[in-house]
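Take a look at this one chain, the form predicted alone, written out in structure tokens.
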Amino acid sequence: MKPLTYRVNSSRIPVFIGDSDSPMMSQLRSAQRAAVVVDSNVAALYGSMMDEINSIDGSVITLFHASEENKSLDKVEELLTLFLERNIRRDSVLFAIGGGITGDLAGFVAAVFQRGIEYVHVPTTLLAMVDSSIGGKVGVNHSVGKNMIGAFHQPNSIVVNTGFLETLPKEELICGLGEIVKYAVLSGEAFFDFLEKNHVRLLNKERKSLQKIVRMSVETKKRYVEKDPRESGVRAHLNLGHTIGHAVEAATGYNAFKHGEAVLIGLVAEAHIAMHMKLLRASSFERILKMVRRIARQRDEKVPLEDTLGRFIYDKKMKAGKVRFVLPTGIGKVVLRDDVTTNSVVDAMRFVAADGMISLT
């Protein structure tokens, strides 16, 4: 399986994309001692994989219940204590097997354990395959905001086995497609056109289409990561849909919407803002809206408007006291703006509510 690679400084990080666990197993066997953090749902579904991992000498396995509530400093301390007690060393390798929550938490543990150990990311959800596993951003949540505590810690490798997607629930598939729609808007016509033509195949989990869209997404993200490893410039464009999306997640306690669903809400709202600021043509807005409608579920989850607006002050993109929005100006074009008014946000949220994606309170 020939990997894609992305470069960060002097490091080359391979990304294996296929339908096999062999790259992970070979790395597990070659590790002198391995700490393995596995999403408990994945462990229950893939017993033969777990048996094979258990058969490898020197592996310390812990199951992790992947929830936003568990993506916390308390859970980090729990894992650090376990690894210290089980003699995980600085030359050990941590393997994170699960979705984005598992990868973010375990990657953060790898970043801080004895000042940093190597880790291998094995994403098992579409969202993690196309987004959170790529680029080295790891961390946990705080009560005032998502991913507020974290680090940049690049994995040794990323092993994407699209076979895991066969058991992925539909709402998790939609979650991943939310980030993929974002990539399509960022990347341009070729990507967006492929998504328009193949969204039904993707929703039906057609493997070749899934592998292609994963590869296209990884290639898109790697271009940003290579240009801006620590998100000090152009990598901020990857937050398209996230300023409002993250605020909606935080205002609803991180349990009303999947992350990708919140990104779809944010993407429509931010495109609406761009259109009313005359940055985006109405025809492009309609195209984005139609794509989101094909992917998103109709929801009536209650979103408190005032609380959502209040969450913007905790946005990591804030600069000089102003919230910076990533706004689309066309398919394949975005701009950072810090002059978005509260009224524009309110109007956009009301549009999203009228379209049936949320219910405002």
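Note that the structure is predicted; figures quoted are calculated from it, not measured. One-based numbering along the sequence shown.
Same protein, other form: the form predicted in complex with a small molecule, not shown, and the subject of what follows.
Of the stretches 210-218, 166-174, 108-116, 81-89, only 166-174 has residues with a heavy atom within 4.5 Å of the small molecule in the predicted complex. Residue-level contacts in the predicted complex: of A250, A262, L240, A128, one residue has a heavy atom within 4.5 Å of the small molecule, and it is A128. Of the listed positions (M49, V292, V42, A31), a single one reaches within 4.5 angstroms of the small molecule by any non-hydrogen atom in the predicted complex, namely V42. Each of E68, K71 and S132 comes within 4.5 Å of the small molecule in the predicted complex, counting any heavy atom. Contact check for T102: a heavy atom falls within 4.5 Å of the small molecule in the predicted complex. Remark: K137 counts among the residues lining the small molecule in the predicted complex, judged by a heavy atom distance of 4.5 Å or less. Proximity of S284 to the small molecule in the predicted complex falls outside the 4.5 Å heavy atom cutoff. When contacts are judged by a 4.5 Å heavy atom cut-off, N147 counts as touching the small molecule in the predicted complex.
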